[in-house]
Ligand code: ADE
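Below sits a lone chain in structure tokens, taken as the form predicted on its own.
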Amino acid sequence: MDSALVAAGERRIGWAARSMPVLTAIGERFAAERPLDGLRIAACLHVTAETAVLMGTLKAGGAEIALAASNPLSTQDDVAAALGEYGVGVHARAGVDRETYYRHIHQALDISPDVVLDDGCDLVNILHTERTELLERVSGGCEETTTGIIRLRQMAAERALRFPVVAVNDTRTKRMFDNRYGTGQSTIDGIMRATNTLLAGKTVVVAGFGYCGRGVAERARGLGARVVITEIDPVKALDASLHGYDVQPMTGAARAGDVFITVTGNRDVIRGEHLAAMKDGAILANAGHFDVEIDVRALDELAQAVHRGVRPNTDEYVLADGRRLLLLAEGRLVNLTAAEGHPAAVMDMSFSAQALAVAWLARERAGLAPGVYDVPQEVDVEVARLKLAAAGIEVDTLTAEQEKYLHSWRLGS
């Protein structure tokens, strides 16, 4: 192992840990209580400094861990090297091809896990299709992202899911802090690093107005952009309209947009007919988990020439009439490929919920049937309480009379 790479990874992890006081406190608690003793965990997550702090927390609790990357382009090799020195089995390398990406997931599963942690459901999918011999031992899992929850709920609906999975993504703290503020900032950060474009005065098209899309739209508008929202959900479209955004189908937005950001969890959101209508210089970025939201194959077919790496993480596709479309990060997660993902302070919240959910699952898994479970409310509240305490923020508490009022239907005006 390259000692210089390990040292660089340790510095990067240490820097992230400074902004993760909640997870650090949980790690200290885990080290004292050892709630994960004897547990084997296979994880498929972005191999970043923030993830390393989570791995350290779980290891402090007694777990044996094997980690694979949930995106071939997001791995920080120095962090992977440092984690290896910490005793975490890491199967990840930056920039690997699709075949190697899946081989790494198989290698993580070779630990024969009791619990799995997933970010996008690829690991769980492989368990249920290619590594079924391991299913009998697996007693539970956690899922980190919206895309993964969509897939898991479909598995549960079809009675294909063989063990309980906690939907860490669906906590109030994660949706508010990670999806909205984290994705909003880090997506814009990735676009700025890749293109150095001025967003003020530009028309930014955001596909999807969920928690992530809302955050992206807010940050783009805050930088002076005109924001157009595309949606399939009438309620979300109405919400976007009431926030003052222009709401259009992608067919119309394709002609007007300067920057396009997909954040839906679905495929082919930007298709060939949309690409064909776009103006010269349009920028295409994806902030959804998988590289299917922008139809890159259709873009390849439309292009007469492709200039790779015109800027870091920026490829230029030249159409027959000379128009140029700029695809960022090969259509993969722009915030983790062209930038560094969410700030550590954001991941402090998400990974604290993840760590506490793993501890809860370790206690309760024997009594849980296969299915998708919400994170217990007390875990969500505990994460928020710890974050407020770390920030030195105090909140009110209910008086005895207020408690009585809230728990009685007999008391009125």
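What you are looking at is a predicted structure, and each value in this text was computed from that prediction instead of being measured. Just count from 1 along the sequence shown to find any residue number.
Not pictured, yet referred to below: the form predicted in complex with the named molecule.
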query: Even though the named molecule is not shown here, does residue 36 get within 4.5 Å of it in the predicted complex, heavy atoms only?
result: no
task: Considering only heavy atoms, tell me if residue 341 and the named molecule come within 4.5 Å of each other in the predicted complex.
output: yes
query: Taking the shortest heavy atom distance, is residue 347 within 4.5 Å of the named molecule in the predicted complex?
result: yes
task: Evaluate residue 336 for contact with the named molecule in the predicted complex, applying a 4.5 angstroms cut-off between non-hydrogen atoms, and reply yes or no.
output: yes
query: Residues in which of 363-371, 24-32, 48-56, 377-385 have heavy atoms within 4.5 Å of the named molecule in the predicted complex?
result: 48-56
